[in-house]
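Taking the form predicted on its own, here's one chain by itself in structure tokens.
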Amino acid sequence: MLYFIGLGLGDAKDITVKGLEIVKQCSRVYLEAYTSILTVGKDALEEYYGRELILADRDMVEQEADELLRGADISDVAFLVVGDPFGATTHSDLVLRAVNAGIQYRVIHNASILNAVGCCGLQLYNFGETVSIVFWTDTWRPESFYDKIKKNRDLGMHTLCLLDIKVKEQSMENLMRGRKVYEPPRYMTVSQASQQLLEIVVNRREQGDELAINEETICVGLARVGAEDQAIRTGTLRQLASSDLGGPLHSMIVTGHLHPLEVDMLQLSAVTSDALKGLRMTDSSTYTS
């Protein structure tokens, strides 16, 4: 049996009781190490679980899956995922590989950013499509995530933005030379994501486009959700561009239509007392920015 086990969002103790029982009985335990991170490292997990963990990077999961699946038809193998196992679409491929190999699988769910984001006070059923904001480079500056935010805003929906993670990435030079030398990990911050969105706003304004968002759009920055030092900051896009929420991981929300209860909840995390003053009412139960 191949077990996909969610670890939750905080630390080693966020694994479910059922998940921990399964980890202790498996012949091999892999820790997926590229779509997200916990606030503690591999050593802390091994100490709490009482098991050795095998790090599974993107190359192993996507190119060497046969090794990961080896023996799972006659013994139990666990694949640990930060958050919920299906919070990242890449894990569906591993499920299909297991089924095609005649291996049974089981999923042990846990909290993920997709539902824990409700901690900021926005109602989960008011969210539209989730988007990913990637690090720009000198030669690659995609804006497709902005277009998805616009679609959500047109429908009055909030947008959860998952911010880029660069783990075990190679420089172009090392990639060209075939050298297995990797760059230090990088985790996008709310400030960096906000700055990229502000640049897109400027570009679209110069092109004469109808803007989906602007500098005064109310957004929410979140960091280390589920940890004891979790941080939430609500303000305009311009304000979040200069906000420091500390260490990773960060996420961001671009708000859509807001219910008065949501506004009251956002006020609890406002970066300034007047951060939400730009909200305007469209009817007796709806605010927008």
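In case it trips you up, residue 1 is the first one in the sequence shown, and so on. Note that the coordinates shown come from a computational prediction; the quantities given were computed from them, not determined experimentally.
Absent from the display: the form predicted together with another copy of the chain. The rest refers to it.
Q: Taking another copy of the chain in the predicted bound form as the reference, which of Asp164, Glu199, Glu143, Glu129 has a non-hydrogen atom within 4.5 Å?
A: Comparing distances to another copy of the chain in the predicted bound form, the residue within 4.5 Å is Glu129.
Q: Does another copy of the chain come within 4.5 Å of any heavy atom of Val225 in the predicted bound form?
A: Val225: contacts another copy of the chain in the predicted bound form.
Q: Using a 4.5 angstroms cut-off on non-hydrogen atoms, would Ile15 count as touching another copy of the chain in the predicted bound form?
A: Yes - in the predicted bound form, heavy atoms of Ile15 and another copy of the chain come within 4.5 Å of each other.
Q: Does any part of His109 reach within 4.5 Å of another copy of the chain in the predicted bound form? Heavy atoms only, please.
A: Although another copy of the chain is absent here, His109 would touch it in the predicted bound form, with heavy atoms inside 4.5 Å.
Q: Looking in the predicted bound form, any heavy atom of Val40 within 4.5 Å of another copy of the chain?
A: Taking the distances in the predicted bound form, the answer for Val40 is no, it never comes within 4.5 Å of another copy of the chain.
Q: Verify the flagged residues Gln63, Ala65 and Thr139 against another copy of the chain in the predicted bound form: is each one within 4.5 Å by a non-hydrogen atom?
A: No, the whole trio is out of contact, none within 4.5 Å by any heavy atom.
Q: Based on heavy atom distances of 4.5 Å or less, which listed stretch (204 to 212, 96 to 104, 73 to 81, 189 to 197) is in contact with another copy of the chain in the predicted bound form?
A: Single hit among the candidates: 96 to 104.
Q: Going through 113 to 145 from first to last, which residues have a non-hydrogen atom within 4.5 Å of another copy of the chain in the predicted bound form?
A: The stretch touches the partner through Leu114, Asn115, Ala116, Gly118, Cys119, Gly121, Gln123, Leu124, Tyr125, Asn126, Phe127, Gly128, Glu129, Thr130, Ser132.
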